[in-house]
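Next up is one chain by itself, shown in structure tokens, the form predicted alone.
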Amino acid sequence: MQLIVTAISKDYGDIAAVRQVSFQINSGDIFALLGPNGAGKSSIIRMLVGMTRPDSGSILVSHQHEHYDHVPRRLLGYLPEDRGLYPDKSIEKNLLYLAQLHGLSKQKALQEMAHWLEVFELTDRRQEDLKQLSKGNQQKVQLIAAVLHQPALVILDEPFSGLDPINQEKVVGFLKALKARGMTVILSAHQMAMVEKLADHMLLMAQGKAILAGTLADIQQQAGPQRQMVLSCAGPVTAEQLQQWLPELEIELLNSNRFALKLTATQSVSGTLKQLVNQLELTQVEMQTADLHQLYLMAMAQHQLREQA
């Protein structure tokens, strides 16, 4: 399974939902669509699954030497933003019905169901009606429903929604298991720490545009992120002293003898240290790079500045 999206755009009346967005997803990748509400993520997903068509640009889906302009239903596992199971039916009846809609035999559906119910610790509750479950457990059933038929591509819109931290980690394991089975995964999520653990590639969007794209390392390079030094010294120091010695740097005093300095790409680590060693006895120096959450916030801020210019 490979997807090549080339310069797609989509308007809804006067609203430009997606503007000239391009990306590629290779077989077995976990690909993350990131961005605030209204960025265009759901519009892209609707075009990928064939619910809508691009106004311009193209979508090419290749699978086993066949080519399509959207992901065929038989190859797709989909967790939509608006969930849609039957609350008055049991977990087993819900999953069996949906699996058979995808063409699975009852025997194969029960086999796959048993595996995933065990993964999500729901085996003993399979005969309970869905309405009896917590929101988090209903979400687990939704995730199972999306993959029972072993699709080539799984699209998950906010898969961590409604889950506590322990169950979010279970979903991380679930997604890694899908990758190990050779499935290609597209996920749209706001939990940056989860995405950072999982995504092979990602696309960061704002107001319908692609802002940053690639691996985490690619995005760090594109964003030109600030590097952060965390330093400890033998004696106390004040923010005023630090600002006097290093007036060009952004400084955060963490405690009386520990502080953080943010360096831009043009500011030298060695030069900064030379400025400090004459003033302080440094006991520890630690370099930190921006995580995905920080990169996301920086990219959004930079985009807003460009749009206002």
Partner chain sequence: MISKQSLIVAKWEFLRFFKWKQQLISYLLMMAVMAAVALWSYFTDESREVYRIAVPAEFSISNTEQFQFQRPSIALSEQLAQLKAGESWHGVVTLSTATADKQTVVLHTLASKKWQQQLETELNSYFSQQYAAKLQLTPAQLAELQQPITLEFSYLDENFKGKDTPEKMIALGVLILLFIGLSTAFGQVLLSITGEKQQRVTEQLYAIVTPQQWMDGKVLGHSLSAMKAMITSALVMLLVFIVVSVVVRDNGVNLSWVNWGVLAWLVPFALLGVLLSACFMGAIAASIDDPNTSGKGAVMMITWLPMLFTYLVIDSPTGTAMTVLSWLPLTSFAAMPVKMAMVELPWWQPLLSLLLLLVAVWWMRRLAGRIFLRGMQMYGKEPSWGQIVGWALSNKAE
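Quick caveat: nothing in here was measured; it's all calculated off a predicted structure. Positions refer to the first chain, counted from 1.
The same protein also has a form predicted in complex with its partner chain, omitted here; what follows describes it.
Asks: Any idea which of 256 to 264, 49 to 57, 239 to 247, 269 to 277 reaches within 4.5 Å of its partner chain in the predicted bound form, heavy atoms considered?
Replies: Selected stretch: 49 to 57.
Asks: Would you say all of Y68, M113 and V119 touch its partner chain in the predicted bound form, counting a heavy atom within 4.5 Å as a touch?
Replies: Not one of the three qualifies.
Asks: Could you tell me if Q221 has a non-hydrogen atom within 4.5 Å of its partner chain in the predicted bound form?
Replies: Although its partner chain is absent here, Q221 would stay clear of it in the predicted bound form, with no heavy atoms inside 4.5 Å.
Asks: At 4.5 Å between heavy atoms, is Q100 in contact with its partner chain in the predicted bound form?
Replies: The answer is yes: Q100 has a heavy atom within 4.5 Å of its partner chain.
Asks: Whether F160 contacts its partner chain in the predicted bound form should be assessed with a 4.5 Å heavy atom distance threshold; does it?
Replies: No, F160 stays farther than 4.5 Å from its partner chain in the predicted bound form.
Asks: Might L178 be said to contact its partner chain in the predicted bound form, defining contact as any heavy atom within 4.5 Å?
Replies: Outside the cut-off, so no.
Asks: Could you tell me which one of H190, K108, R125, R73 places a heavy atom within 4.5 Å of its partner chain in the predicted bound form?
Replies: Flagged contact: R73.
Asks: Tell me, which of G84, G182, G173, G235 has a heavy atom within 4.5 angstroms of its partner chain in the predicted bound form?
Replies: Of the candidates G84, G182, G173, G235, G84 is the one lying within 4.5 Å of its partner chain in the predicted bound form.
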